[in-house]
Every structure is written in structure tokens, then in C-alpha cells.
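This document starts with one chain, in the form predicted on its own, laid out as C-alpha cells.
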């Protein structure tokens, strides 16, 4: 029975379910309410596929195959080859899908599992679509899926893609209620009109409605290539990261000059424990001040009342999600403000978020221009932590330091001696050799080739061996300045490690041993410091050839537009809303805002009503009638004018009696017209269009 029903559906070009007792007008009405025709089904496939495509990149890899299988099944049902699946089969498919989600995520709670469940329901619902109401439900879920796209990614281009998906979904909705076939371009044009009418209302809501802030965040896949560095550092870690050109964060400076390239040290993490090969965070960070969301906070060690603009940097950071809690600032940061993040300062002058940064975040910072903090005496515990070394290992490095100490060198002299050693015989490279157990000795006395983490690690080890408190700092160094949008772009390839040492009377100061080996890395940027061999691994800018340079410029332009989109639209907060309403209304009184909103809304509705009346006063001819009139107009140039009371067939006969060949062509046009207008064969519109195009009297 199901197969027979499917066969009837395939032959009639639509799926329908109806009672055998229905007849006449009742049958026609029932079919109009329940049938799913070929055009509507095709629009549903396209709309669903476009909507799900971005989500497939973030969800289990088997979901796209499940969707493709559902489409094939539904097409076969439509063709009458298969019948609709039974309730048992549908229940089994649902159970298998839910089980697959649990195996993929090991949990049901969380944004990703919930979105995956939505996609699963969106896909499986396709299998049981029988009527117009079923298809409506599928398309309504599609609008929710568009919102789900923006949970994972809120770039300018995905926003445009979401608008395109909305356009296709609206066209699919319209196809359900059409009694005649329309070309896809015309259908999309109608949807575009609806979207354009919605834009003014959307802008009104955007300006007047209060911002709720970030409601949820999505944990990212823990991949170093996407997130940057992790909580520890081994030889080669940052060298691998240097091949990643993804954006880490963007910075715009509000007042004063942008710091020179050699001063752009973006501090993120302090590593103070060394096991002979790997540096990691040993000392527990403790907050010295807790931040409150949507408020400014000051570091308690600083007084800003007397700070002049030339003594500080005021800047805003747009941070890409990296999955950890640290934030990046110039050293030392003394003030922070964020609408979305709850922040805190730590005892070692780090700025942290109280939660992992799993969404693009925006915060404002004020930093001092001088880099010297904690000039008071270190505590005994602090000194012990910053001098700790393994009891054994790297004997050559320890003997070298003992020789320096035997010469009664001061702390500053030991620092200069180490930097001079790096500057003489060492090479900065992205392809350092693998190091063994005594990694410091092998680097200093054998390979003498390394990346920034090799130099920072070896330098810190030497300082601690000499009794100078020292620690490794990991972050980013540099930043590419973007003219036009006036901001810096800091990439993952700018990841950098340097050292901080504590000197009596001067406190913690920054020392970058990489600057002694490759000063171009610090002064002109990462790409300028590479040799020919390393440049083959990282092709950027002018080194990428003509095609690569064109791609690089296009990518740079796209990144700039995305930054402006986020800064002007996605970062729109209550403060910007209040400033805009203040300029528009002159005051922020609630009654003014309410009057502005209601008045603007009713004004738009009134405008749309008048536009609708104007369009109704100009009746639009059907497409087939327009095409027929176009052919008649061409005949008028030969002296044939159709009488108002003359039917198209009679007019064709009159033309054929005088010019048989011309009349035959026009008679074919009239035949195609009658198929569309009188015989309900909308597919003949394409033939009518071709015949009119070829008709040249």
C-alpha cells in the first residue's frame, strides 16, 4: 500500500495523503493543504543543506552522511521507489542518532551536544515529511539553525552567509503556498523584498533594545594550532606555532602614540618551574583584586591620579577565543574594563579572566610605559621559587656560571655576558635540532641553533644558576599595523618567549635574549628575521610571490572588514547605545526612548501599508501574458494590431492567413501560452519564453 501511494505521488509530481472518501472540491482543498510538490521539496533540500553546512564543521563528522542519506531516502519516496518508513524504523533511527551523539560527546549537556541534537532532529524530520505542515516545521527549524551558526562563529562573512540562508528559507516558505511554478530568480527576488522590508525594523530594535551581553560560550576543540601556546613550554613548541598565521588578537590605541615595535611585548603567562626540559607554571597565582563584570578596576599597586597620557598606553584588545583564562596586555597593566569578562589582577602582574575565553572577547586596558615593577625586596618564598633548579643535570651550564661568578662579576655583568654569548655564535631558526635530556647544555655547547623558547629557557637557567631570580614569560611580540582601521594585528606566528629577572633596586625587568641573536625579529617583525630556508616554511607578504602577495592582500582586507564589523556591530554595548540615543533624542528619558521606538515602528508600518496600496493600484500582468504581449508588440511593427475583443487564437489565425510562415511561429507562441494560462502546465513557461525570444517578424 505504501509503495502504491508513493508511485501515485511520483507520477503526480507531489506527495499527498488523503482519504479515499474525499471527492470534488473537498479533494482539491485537501490536496492544497497537504501536498508537497516537486518545487517545494527541492527548495527544502537546498535550504536545509545551506543552513547545515557551517554547523557540520563543528559537529561530529558522521552527521553530514546522515543528512545525505535522509535526502536520498526522501527522494526515493517522492519517486515512488520506496515507501515512507514505519514508526518502528523512525524510532530506531532516532535512537541510533541519539546514541551516536552520546558516543561523540560523552555527555548530553552543553552547547555543542544541544546543537548537534537540533541538527539530528532537523535531519530526521526530513524523512517523515508528508504534508505542507510537516514541511513548514522543517523550515521553521531552519531559522533556529541559522542562529546556531552564530554561536560558533560571528565573523562578518558568516553573518552574510546567515542572511543568504534566510533568503533561501523564505523562498522555500513561499514555494509552499504557490499554485504555479515560478523561476528561482523571481522567487529569490520576492524573498529579498521581504528581507529589505525587515532591515529598518531590525535597525530600530538594534538601536533601542538593551544589550544582554554574552549569554553562553562554546568550548573549543583543544588544538594548539588554533589556540596558541599552552600552560607549559618545551623546546620546539613556539617554533611549531610560528607556522600558524591565524589572528591571536587585535589592538587599537585610544590616546597617545602606538608603542614602537621593540616595545610591543604582549604578556600572557609566567612560567617559573623547570624540570630539566620543560618550563611550567608552578607558583599558584592568587588574585590581588577581583573584577566585577561591566566595571572598571585599578591595580592596587598603582595610583593613576597623576598619570599623564604620555606616561601610559590606553588601548582596546579584541581577543580571539583560545580556551584559557589569560588575557594579553602590555606590561604592566594597571586598569582594565570589560563588558563581557570578569577579570582579575594576579600577584605577578598578569591579567586573567575568571572563566576560560571561549568566545571572541573585548576589553580595554591602561598600561604604564615603563617596565619595572616590584622594586621592593622579594620575600623568601618568592626568591626560592624564582631560583629553583633541578638538583642535577646540565653540568656544563652550571660550570660556565661558576666561572663567571669566580670573576666576581655583578648581576648586570653576568646578564651582559650571557647576552654577548648568544650574540656571537648562535643562530635563530624555525628548524632547531631535537634536544636530549640535558637540553640546556646541548643547546649552548652543541647545536647553538634555536627559536625564542630555546634562548629564553637557556638564559633563565643561567640566571638562576648565578643566583639571579628569573622566570620565563610567554606571550606575543610585535603586531602588524593596519592603515585605514588604525589597529594592530597580532598573529599566532608572533608567539614569543622572553625572560624577566629581578635586580636589586630595579625590581622585575624584561630581558629578551632573542634580541641579541636576531634583532630584526624584535624591531621589524617575525617574517623579517627568517633566513631563506625558514622563509620556505612560512610564506608571507612580499616573500610569497605575485599570486601569494595577491592572496595575502585580499586576506588582509577581509580581516580588516571583519575587525570593523566586530568593533562597530558585535561590540555594540549599552554605553554605545546610550551615546547614540543621546545624540538622536537629546536626552535619555525613558519616555523619549519609548516615544521614539513606537513612533518609528508605526511610521514604518504606515509606509509599508502605503507602498502596498500603491502596488495594488497597478495590477501586474502574469508572466505568460507579458510574454504574449511582447510578441504582439513585435507584430505591430508589421501592421498587425490585435483588437480588444479578439482572442489570441483568432488573432493568430488572422496573422497566418496573410503571412503563413509568420503566423505559424505566432501560433506556436499562442499554444504555449494556452498551456500555461488555461491548462495549468507551468513548466511550459520556459518553452514560451524561448519561442518569444526567437520571434523576430
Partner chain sequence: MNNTISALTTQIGTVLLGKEPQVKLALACLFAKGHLLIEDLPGMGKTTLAQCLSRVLGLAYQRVQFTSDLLPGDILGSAVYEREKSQFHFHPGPVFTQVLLADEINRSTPKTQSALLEAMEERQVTVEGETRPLPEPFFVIATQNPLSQAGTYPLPESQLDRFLMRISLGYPNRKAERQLFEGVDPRARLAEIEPVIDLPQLQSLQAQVQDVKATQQLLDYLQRMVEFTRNDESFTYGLSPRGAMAWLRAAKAWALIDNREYLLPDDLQAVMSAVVGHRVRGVHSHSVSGQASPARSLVDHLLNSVSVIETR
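Given the structure is predicted, the values throughout are model-derived calculations rather than measurements. Basically, rigid core = biggest C-alpha set you can superpose within 1.5 Å across the two forms. Numbering follows the first chain given and starts at 1.
Omitted from view is the form predicted together with the partner chain, to which the following refers.
Quick one: is residue 658 in contact with the partner chain in the predicted bound form, heavy atoms, 4.5 Å cut-off? Residue 658: no contact with the partner chain in the predicted bound form.
Touches the partner chain in the predicted bound form: residue 624 (any heavy atom, 4.5 Å): Answer yes; at least one heavy atom of residue 624 falls within 4.5 Å of the partner chain in the predicted bound form.
Check whether residue 677 has any heavy atom within 4.5 Å of a heavy atom of the partner chain in the predicted bound form, and answer yes or no. Within the cut-off, so yes.
Whether residue 649 contacts the partner chain in the predicted bound form should be assessed with a 4.5 Å heavy atom distance threshold; does it? Because a heavy atom of residue 649 falls inside 4.5 Å of the partner chain in the predicted bound form, the answer is yes.
What is the one choice in 47, 40, 628, 59 with a heavy atom within 4.5 Å of the partner chain in the predicted bound form? It is 628.
Which one, 66-74, 639-647, 47-55, 658-666, holds residues whose non-hydrogen atoms are within 4.5 Å of the partner chain in the predicted bound form? Careful reading of the contacts points to 639-647.
Could you check whether the CA atom of residue 46 moves 2 Å or more between this form and the one not shown, using the rigid core for the fit? False for residue 46: its C-alpha shift is below 2 Å.
Taking the rigid core as reference, does the Cα of residue 67 move 2 Å or more between this form and the one not shown? False for residue 67: its C-alpha shift is below 2 Å.
Taking the rigid core as the superposition reference, indicate whether the CA of residue 55 shifts 2 angstroms or more between this form and the one not shown. No, the C-alpha position differs by under 2 Å between this form and the one not shown.
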